[in-house]
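Presented as structure tokens, the chain that follows is alone, the form predicted alone.
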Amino acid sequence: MKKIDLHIHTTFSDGTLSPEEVVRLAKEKGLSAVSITDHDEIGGIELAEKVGKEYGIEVIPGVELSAKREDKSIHILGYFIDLHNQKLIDFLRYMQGARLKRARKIILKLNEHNIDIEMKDVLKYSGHTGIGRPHIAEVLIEKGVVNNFQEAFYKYLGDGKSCYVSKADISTKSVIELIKNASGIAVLAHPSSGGVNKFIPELVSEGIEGIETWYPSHSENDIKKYLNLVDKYNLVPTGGSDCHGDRGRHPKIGEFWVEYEVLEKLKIKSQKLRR
């Protein structure tokens, strides 16, 4: 049985593994294909593709984008995206700037809580792309403010907490259209998170093409529910670990996978959309 993982983050966003390390580990753990789906960033994909050719690992170009609907944050994965699409490149450049502004606001709020943290501390973990709350959490752990990621988000960084700052307000329709314009397939990520199930019919009307059905936190009932929705709306089911390397509680490479048949269905959907 060929195993794949279609949801992996690297050091280009909030993962701890480089794109090259992801591919090498995928080979070591017996995976046949992976998708690099960094937050608002595609810079690691070509690096992964290069190593993938050496190791015989198929690398699917992907990205994970955040959108807002009402008061909910909705994550949408884009697969088979054109890495040279100018609208996508411009949007990602804008989002990187928005992430930097958000990080500065969070740092100011932490300072107001008498927590000594500066942007240079955060950049030590994030580099200059894909900066996010996990990088700030790393600093809080390093400085002894909290003991772990869960505490950092529970006390300060989680939605609605004292130092939380919302992301840029981008509509789901805009994100889906952006992915489609870049010849990609838009897939709703981890649908059981954050109460976004009720929006699925609306997302379908906006052009969503798939649902991440197999996900580490999904129960058997969740999987059945999403498979029924996939059938109802003629969507494609996908799955992945949401691996962040050693950061957070997500599975490591090879600990969570789906069958290659899932990728075959995704490819068929992609081919139909490009005709």
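Everything quoted here is computed from the prediction, not taken from an experiment. All residue numbers are counted from 1 along the displayed sequence.
Beyond the structure shown, there is the form predicted in complex with ligand AMP, which is absent from this document and is the topic of what follows.
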Check all three, Arg102, Gly132 and His244, heavy atom within 4.5 Å of ligand AMP in the predicted bound form: yes
In the predicted bound form, segment of 178 to 186, 82 to 90, 150 to 158, 114 to 122 with a heavy atom within 4.5 Å of ligand AMP: 150 to 158
is_contact(His218, ligand AMP) in the predicted bound form, heavy atom dist at most 4.5 Å: no
Close approach of Lys167 to ligand AMP in the predicted bound form, 4.5 Å, heavy atom: yes
Non-hydrogen atom contact His250 with ligand AMP in the predicted bound form at 4.5 angstroms: yes
Exercise: His39 in contact with ligand AMP in the predicted bound form, heavy atom 4.5 Å: yes
